[in-house]
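Below, in structure tokens: the form predicted on its own, a single chain.
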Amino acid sequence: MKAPKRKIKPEKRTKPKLAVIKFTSCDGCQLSLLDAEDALLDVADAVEIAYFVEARDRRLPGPYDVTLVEGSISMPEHIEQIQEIREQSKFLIAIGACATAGGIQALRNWRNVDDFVRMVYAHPEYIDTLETSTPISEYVQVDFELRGCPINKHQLLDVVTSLLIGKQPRTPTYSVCMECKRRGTPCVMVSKGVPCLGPVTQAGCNAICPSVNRGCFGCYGPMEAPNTESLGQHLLDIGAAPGEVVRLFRNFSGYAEDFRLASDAFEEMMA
């Protein structure tokens, strides 16, 4: 007599685990993800959102398949935390200007942070902070950087989807000037003499500021091989003072290497 065949249950496939974690920042990049709405729901169906305090209370432990990190490293405890997150993450993605370049708070890197602490806090002795605000890549290996202040939600969804299906994520490496051309926006430097970082800034925002007659602030950080020296000299030629050029480079992504070196060089002209 033959034994009855055992029914083999199909193996239950587990969803990839996604974590979204914040350090020093304004939460704007996480809000960009939430603002994706319907597209975010599609992602939520494909992954298990294990950790995302901005969106839900549930906090599952790692390891995580994809971890998105917003914010700069600016407090002593952040160093140990980001190292632990790196160990728990298959793919670690830095999102936004704070995580990729230190953010606007990196302005303190050119000054004594204790001076700011004394001016802002009634009891500075309670404050424990690092002397600098730096990108997370200063302390751990980052698998991909997504620039912006805030990030482009469509780029974020594309990056997450690409990683989940085993595809290499891609973002533009050309300048904001290309986006101005595509939308038919006249160059604000040529037509109005407005200082603009567009020629050296990575595309991704669809040239929002130039479209309303404002110069680019460099939110997406340096483009590939930016000629910051040439742009800075042009800004001087059209009437900008060296101090204005320094301030322009030291903005949302001012501590990114190419912008930092440019601002330091033009600051030396003021000495």
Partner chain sequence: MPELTPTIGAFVSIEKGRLQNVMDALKAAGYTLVGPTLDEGAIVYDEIEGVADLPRGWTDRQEPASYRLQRREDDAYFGYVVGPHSWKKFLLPPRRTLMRVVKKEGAFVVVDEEEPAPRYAFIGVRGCEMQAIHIQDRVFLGGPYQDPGYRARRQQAFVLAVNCTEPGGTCFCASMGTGPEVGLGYDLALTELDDIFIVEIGSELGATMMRETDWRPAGAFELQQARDALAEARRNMGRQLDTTDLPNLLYKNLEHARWDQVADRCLSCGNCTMVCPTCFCQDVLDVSDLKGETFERVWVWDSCFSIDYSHVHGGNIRPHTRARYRQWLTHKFASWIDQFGVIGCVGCGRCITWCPVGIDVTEEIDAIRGEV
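Numbering follows the first chain given and starts at 1. Treat the numbers as computed from the prediction; the structure is a model and nothing was measured.
Form predicted together with the partner chain: not shown, discussed below.
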Answer key: of 223, 216, 68, 245, within 4.5 Å of the partner chain in the predicted complex (heavy atoms) is 223
I have 80, 85 and 270 flagged as a candidate spot, so tell me whether each of them has a non-hydrogen atom within 4.5 Å of the partner chain in the predicted complex. no
Just to confirm, residue 192 within 4.5 Å of the partner chain in the predicted complex by heavy atoms? yes
Determine whether any heavy atom of residue 231 comes within 4.5 Å of a heavy atom of the partner chain in the predicted complex, and answer yes or no. yes
Contact label in the predicted complex: residue 181 to the partner chain, heavy atom within 4.5 Å: yes
Give a yes or no for residue 111: in the predicted complex, does one of its heavy atoms lie within 4.5 Å of a heavy atom belonging to the partner chain? no
Taking only heavy atoms into account, state which residues of 158-194 are within 4.5 Å of the partner chain in the predicted complex, ordered by sequence. 160, 161, 164, 165, 167, 170, 174, 175, 177, 178, 181, 182, 184, 186, 187, 189, 190, 191, 192, 193
